[in-house]
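Below you'll find only one chain, the form predicted alone, shown as structure tokens.
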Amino acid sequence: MTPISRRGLLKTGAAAGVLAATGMPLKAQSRGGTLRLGLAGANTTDSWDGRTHSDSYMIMMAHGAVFDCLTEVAANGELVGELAESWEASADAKTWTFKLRTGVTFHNGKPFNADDVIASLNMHVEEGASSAAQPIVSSISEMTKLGDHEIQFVLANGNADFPFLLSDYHILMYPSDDIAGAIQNGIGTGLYKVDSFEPGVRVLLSRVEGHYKDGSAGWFDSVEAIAINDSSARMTALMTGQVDAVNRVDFQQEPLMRANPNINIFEVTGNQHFTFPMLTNLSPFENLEVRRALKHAINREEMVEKILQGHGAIGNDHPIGPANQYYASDLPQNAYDPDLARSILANAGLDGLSVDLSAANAAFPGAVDAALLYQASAAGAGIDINVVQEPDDGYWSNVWLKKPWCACYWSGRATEDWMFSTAYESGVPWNDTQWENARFQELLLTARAELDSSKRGEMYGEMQALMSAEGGTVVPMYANYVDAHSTALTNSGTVGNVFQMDSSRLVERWWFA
């Protein structure tokens, strides 16, 4: 398969995510029917609080279904307005003025206005809040209501990517007069309202009539999203016609699915990457030589072949993917070299190494097998990796960010600053390595405010090099998004690559043929 380069696509203005050989003819949009989804990524702790969303099920049910954001990355990779109609910036990219849509109402009948924007953003920085969007919102020094449908943001520092950041799936818009009730009952401005919600089990949604997106999105009368975390059960549900679409195709069952004339598999190259983050403030991972040895003790090619079945590419221990504009493809590769890994440890005065690695398939499909492959390849370097298989349910709340070393996945982000500021800026909630590097942090702030593209590219290249050489994350592979659907479903022919399932907006963008 041919990877899609975001750099090239941005230069040409072409789509950032392209549908990969589904064989579907383009058909006119039509309204009707109940969309049945079988989705991985559900947890019994799920809620409508966007600050807590971290896996595919709630991401897909929230933004693009029940709730809206201010902006949206369209299927073709362009940034468009959702609840914002337009925006403009000052020359230094510090002051941004947004005009908001008029005539929009929440599902409880409250009109949407600037007060809701201010309240919804302040949720992420209020005392005691734990939100992955905290670094985005905390960069705003002032929010000023210029009118009911106009708002001005003043940033602490210039940020050329600011409108992109407001499409973050955590930054949902809630009614300012009852945020707690909206979280309890799922009250947004989205195309679909909540009929019932059983966390970790099922969501039932129905189409809102008279919505501002009428005629451009929201083609189903209703949606049923069933939580099916077991990959085999999920694929079976699609093959037997119990659901119309599933995420995270099980590669072991892929040949059988491709042989089914009623199923299409769709695949896009994005920035999704599977990782093994180490908490660098804990022993033994505070030792740079330990981290270096572990990076040379993993057989990346084997993982891409056996875990991804070729649906991806090897990674190089940084989070910027092949669809990012400033992806540094020319960095020296951290290659599998058990002799070098053993030598690094010996030079550091370590006679071998024994570490625990926590994994569950909730982290990413095949995560446990990937950890076992890592265990086998590292043994040749004298490194004993004890794979601790954790329960799938509650993995993100009980294991990730808490265990010294674990399996993880990241969908990546549309821009470099968005990815770095979400997971690697000092002090942010989702920094899953606690890696501190003064030069990296300096570059992060400088590149964010830089409007010259070539200068930004140089800085982001250096940041990737620093992470690859010294950071606390082992990134063995980039994984394509591979999902599947019934031939009864169709779409525009272009599929977004920011997240899985058409950037997690299949509910609003697809329809029954």
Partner chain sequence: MGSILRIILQRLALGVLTLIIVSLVIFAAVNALPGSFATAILGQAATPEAVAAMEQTLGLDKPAVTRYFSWLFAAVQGDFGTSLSQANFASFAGSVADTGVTVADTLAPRFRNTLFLAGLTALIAVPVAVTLGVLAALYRNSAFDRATNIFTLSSISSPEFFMAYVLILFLAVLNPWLPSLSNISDDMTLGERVRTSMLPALTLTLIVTAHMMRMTRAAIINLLASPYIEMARLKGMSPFRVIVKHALPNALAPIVNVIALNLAYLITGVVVIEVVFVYPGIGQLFVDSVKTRDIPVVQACCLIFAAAYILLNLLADVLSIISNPRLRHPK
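Positions refer to the first chain, counted from 1. Think of the rigid core as the biggest set of C-alphas that the two forms share within 1.5 Å after superposition. All figures in this text were calculated on a predicted structure; none of them were measured in a lab.
Not pictured, yet referred to below: the form predicted together with its partner chain.
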So, in the predicted complex, is residue 114 in contact with its partner chain at a 4.5 angstroms heavy atom limit? no
Would you check, heavy atoms only and a 4.5 Å threshold, whether residue 480 touches its partner chain in the predicted complex? no
Examine residue 233 and determine whether its closest non-hydrogen atom to its partner chain in the predicted complex is within 4.5 angstroms. yes
Given that its partner chain is not shown alongside this chain, does residue 259 nevertheless sit within 4.5 Å of it in the predicted complex, heavy atom to heavy atom? no
370-378, 225-233, 103-111, 90-98: which one contacts its partner chain in the predicted complex at 4.5 Å, heavy atom to heavy atom? 225-233
Of 393, 177, 436, 337, which one comes within 4.5 Å of its partner chain in the predicted complex, counting heavy atoms only? 393
By the heavy atom within 4.5 Å rule, which residue out of 408, 172, 414, 345 makes contact with its partner chain in the predicted complex? 408
Taking its partner chain in the predicted complex, would 163, 440 and 460 all count as contacting it (heavy atom within 4.5 Å)? no
Core-superposed comparison between this form and the one not shown, residue 199 Cα displacement 2 Å or beyond: no
Does superposing the core leave residue 277 with a CA shift of 2 Å or more between this form and the one not shown? yes
